[in-house]
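Only one chain comes next, encoded as structure tokens, the form predicted on its own.
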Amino acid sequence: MKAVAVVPSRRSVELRQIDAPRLDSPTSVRMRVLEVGVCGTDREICAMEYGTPPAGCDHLVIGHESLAEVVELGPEVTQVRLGDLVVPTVRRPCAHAHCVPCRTGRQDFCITGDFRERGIKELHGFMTEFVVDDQRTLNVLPHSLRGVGVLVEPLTIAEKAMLQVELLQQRLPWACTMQPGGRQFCHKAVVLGAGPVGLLGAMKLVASGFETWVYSRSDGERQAIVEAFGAHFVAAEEVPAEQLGRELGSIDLIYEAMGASQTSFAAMGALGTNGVFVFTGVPGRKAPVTVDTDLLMRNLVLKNQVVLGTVNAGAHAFAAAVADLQHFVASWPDVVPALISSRHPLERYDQLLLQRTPGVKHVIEVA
């Protein structure tokens, strides 16, 4: 079968023929891959910045944002059925007995660093025709999400972040007060970045009752999407990040989704009292940046602020993403599909992985 793989020893990205996988345990499931989303992680792996093939293999099949259809079941499979639409999780637990997170199904909090990730680290990914995985890794979607189900995995980033924010904010009265005539906005959130992770995060915040602003460079397409689901757009060229607080008032939550440290730390200075700042991006290795550490430290202490970093996602976040994606589609039926700017056949992988293509989210259509 066909697969897109990186070959680190040759520093190449190739469409190659590999053996089709077979069921390897009583609880394994064979799936036909339908779509694979392309993200910055894939492009960085193709640029040879990181990415580790499985042991004894010279290549790594990439792709971790997937949507697949179940086509074959092991004899002891009970959690999925033939024909189900599924999204597999990405990270798999380490083997160490002392790693409590991995032993309790929370490998997204692995403490050893010896986890494996499909399409990223020591496990082949989903940019191929068929894959096999254990039933425990699969998250079932309703068929009504067939057209947008590939967005589940990137949405889990926001879902995991918000699950943690909800736990953290039990430290103070946080819920909005119900007013006559229905719920009104009582908290403000700013999303840094208007890529797929940022836009999906903004949708989650709007759906959670936050008055939400998306802060990004001017882009007509993205601004239209932002405004269509009830958020506001702030052009970075017009408002410096450190002035966001002056422009918007007290900001309760800043959700970073751009991977730009200079802008992010400048925006952190605008975070309000009792606020939470969530980092989801990983900046590249660049020159050092200047940060007003005295201001940040004073604010963290005197304003009871929290800074949170989050990566990957577990089963709870996947379940929340499936439920919320259904809610998004019901609320904004024309907006959610617009996040997917284009679909391309597997053979055109190089256009998406090795070049910068305008748009929000690009998808490789396998089947």
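Start at 1 and count along the sequence shown; that's the residue number. Given the structure is predicted, the values throughout are model-derived calculations rather than measurements.
Keep in mind that the form predicted together with ligand BGC is missing from the display, and what follows is about it.
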So which of 222-230, 127-135, 86-94, 260-268 is the stretch with heavy atoms within 4.5 Å of ligand BGC in the model of the complex?
86-94
Given that the partner is absent here, does Val311 sit within 4.5 Å of ligand BGC in the model of the complex, heavy atoms only?
yes
4.5 Å heavy atom contact, Ile120 and ligand BGC in the model of the complex
yes
Is there any non-hydrogen atom of Glu159 lying within 4.5 Å of ligand BGC in the model of the complex?
no
Within a 4.5 Å heavy atom cut-off, is Ser28 in contact with ligand BGC in the model of the complex?
no
Quick one: of Gln326, Thr41, Gln305, Ser342, which gets a non-hydrogen atom within 4.5 angstroms of ligand BGC in the model of the complex?
Thr41
For a quick check, can you give me the residues of 63-89 that have a heavy atom within 4.5 Å of ligand BGC in the model of the complex?
His64
